[in-house]
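Given next, in structure tokens, is a single chain: the form predicted alone.
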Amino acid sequence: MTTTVSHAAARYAAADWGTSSFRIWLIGETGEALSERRSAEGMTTAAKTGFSPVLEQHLEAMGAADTLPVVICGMAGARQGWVEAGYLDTPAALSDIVRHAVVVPDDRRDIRILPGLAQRDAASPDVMRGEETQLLGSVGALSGTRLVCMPGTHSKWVRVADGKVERFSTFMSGELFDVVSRHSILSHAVADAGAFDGTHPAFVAAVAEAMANPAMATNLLFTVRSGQLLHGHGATEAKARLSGLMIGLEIAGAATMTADAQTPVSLVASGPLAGLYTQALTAAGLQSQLVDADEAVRDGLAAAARALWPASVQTLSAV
């Protein structure tokens, strides 16, 4: 996908380089996105074709100057990526992420890759790469303690206090939902299911059941099939129940990260997941504030750019 306008006033480019996706924006002098391009040239593809050619192809298509600086987050900094940008150990201040940005050798441009975060606790080791930039953009300037939920294939839940990441946990909810719904006995129950959202009664009820009794997780999952066989539940109802159980189990686990049920939750999401998680958090009795995931990553990259190149982008507001 490409969106292009006049961008002679671009101050820097910001890129989010995922495993299977690539997004880049040219950012203007007041923080506005002047141009945007998206493609499937994630790390897996770029590792074969070359990271620099992919980046330069998109910059050229947007008419970027040869010396325009670029700030990048995501898998370009992985061990298998362009230049390894390591991990910043937690607990860590979000503001420290920029100080550990790695320079990519380049004859023309100043290119920086932001590091990920690592939790090296032997009992609960964990890593994130890319989500730290969403954190920087969504809660980096906020005070107080909050949980941040970033749904996805591997959902991240993060406890942040006054701009410092204290701990985080990764939940494989999205991947498990895909595996179970495609490659287990439950695939028969959800075959030909239609669309549903977070208001579906089966979804809401399943979230509550999983929250109330997470120790019965595998039994609850089987009821998706047995409920259909014995009570005639339709495929859409079955799929909504499966989704609710998976997300409810995730929330039950994440709730152990704080002893205070009143701790606010910042939900960084977009698309269908935003609606599902908003309703699930409500069903779980948690108050949440939705932050658009795309805006969060752009705001995080903007914060990094202001710190990296203060002389040239000091006038920039948040993207």
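What you see is a predicted model; the values in this text were computed from it and never measured. Numbering starts at 1 and follows the sequence shown.
Not on display, but discussed next: the form predicted in complex with another copy of the chain.
At a distance threshold of 4.5 angstroms between non-hydrogen atoms, Phe203 is out of contact with another copy of the chain in the predicted complex. Another copy of the chain is not shown here, and in the predicted complex it never comes within 4.5 Å of any heavy atom of Asp192. Contact between Gly86 and another copy of the chain in the predicted complex is not found at the 4.5 Å heavy atom cutoff.
When another copy of the chain is considered in the predicted complex, Thr256 lines it closely, a heavy atom lying within 4.5 Å. Proximity to another copy of the chain in the predicted complex, taken as a non-hydrogen atom within 4.5 angstroms, holds for one residue of Ser95, Thr236, Thr145, Ser184, which is Ser184. For the residues Val102, Ala161, Ala208, Val180, the 4.5 Å heavy atom test against another copy of the chain in the predicted complex is passed only by Val180. Picking from 135-143, 103-111, 221-229, 192-200 the stretch near another copy of the chain in the predicted complex, with a 4.5 Å limit on heavy atoms, gives 221-229.
Contact check for Ala33, Glu60 and Gly130: none of the three has a heavy atom within 4.5 Å of another copy of the chain in the predicted complex. Scanning 163-181 for heavy atoms within 4.5 Å of another copy of the chain in the predicted complex gives Ser169, Thr170, Phe171, Met172, Ser173, Glu175, Leu176, Val179, Val180 in sequence order.
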